[in-house]
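One chain follows as structure tokens, the form predicted on its own.
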């Protein structure tokens, strides 16, 4: 915490719509710095919060975000961890859920709020949602109860809801309500008052030193099933050079075609050491391996369950685990383990 008990926030500018404003001459969108942000948001000075800004130069469009950017975000938080009460990351919406998921794994023993936010309209526009998103995120990031952070998690705040980052998916490219957490309740709702739902917020049992784990391995892919998918398509994906893990996006509760060639292709890949995780294409619900006959073949082939994890979280988790562990068995074990609230493991 900063001097005189003043709450403090480190604001990371990575890019995205919230970091843009219209050029008064051309009307084109261009990046802004913190000084310009304060011009659009004079309320920042009225928050009573000391805010330090660190921009990514150049700013990154969210479509260009990759594990290098995740590592940079995580390292900046670690380097400044003792000097600030909370952390805000301004980020484009398209890949925000991927980044929030990644940081939830990279920042082990987190005891402070790390909140991603952004906007659907640039901050200089009359109806921009940037103002309320940022101001509320700052208030949430420094919120304390009995001397501890109210929400010591990596989160996403958008419109009026605070979500667990690794449970969140972008649902809408048009409305201000851009995100949802389909399989886990919100951590807080903002109205006239901010209401925190403490029973669903993760609190560490004991305070430990923050540990940074930023190694990643990108040799993964997503195989999304569809009616009529051919053996050539499946085999071409499963035979990608250096491939280590696959997110198999299945139907319903984890179901897949019962064709013999399909099971044999999966079995051959798994026998080569490729890890395959069953992830339902549905937003709501969970994989239930063996519930239907159409998922028994996956179980027999050695596919493991992703339960109710989001695609964003399983992608980030795979890259993280493959970077941290050398043993495929260790990676499999951790993929089936809830590490930081990213999935609910049920016994069906």
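Numbering follows the first chain given and starts at 1. For clarity, every value in this text was computed on a predicted model and none was experimentally measured.
The same protein also exists as the form predicted in complex with aspartic acid (ASP); that form is not shown, yet it is the one meant from here on.
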{"item": "Site test, 78, 109 and 153 vs aspartic acid (ASP) in the model of the complex, non-hydrogen atom cutoff 4.5 Å", "value": "no"}
{"item": "Option touching aspartic acid (ASP), based on a heavy atom within 4.5 Å in the model of the complex, out of 39, 66, 61, 43", "value": "61"}
{"item": "183, 93, 136, 221 - the one with a heavy atom within 4.5 Å of aspartic acid (ASP) in the model of the complex", "value": "93"}
{"item": "Close approach of residue 120 to aspartic acid (ASP) in the model of the complex, 4.5 Å, heavy atom", "value": "yes"}
{"item": "Which of 221-229, 271-279, 234-242, 93-101 lines the interface with aspartic acid (ASP) in the model of the complex (heavy atom within 4.5 Å)", "value": "93-101"}
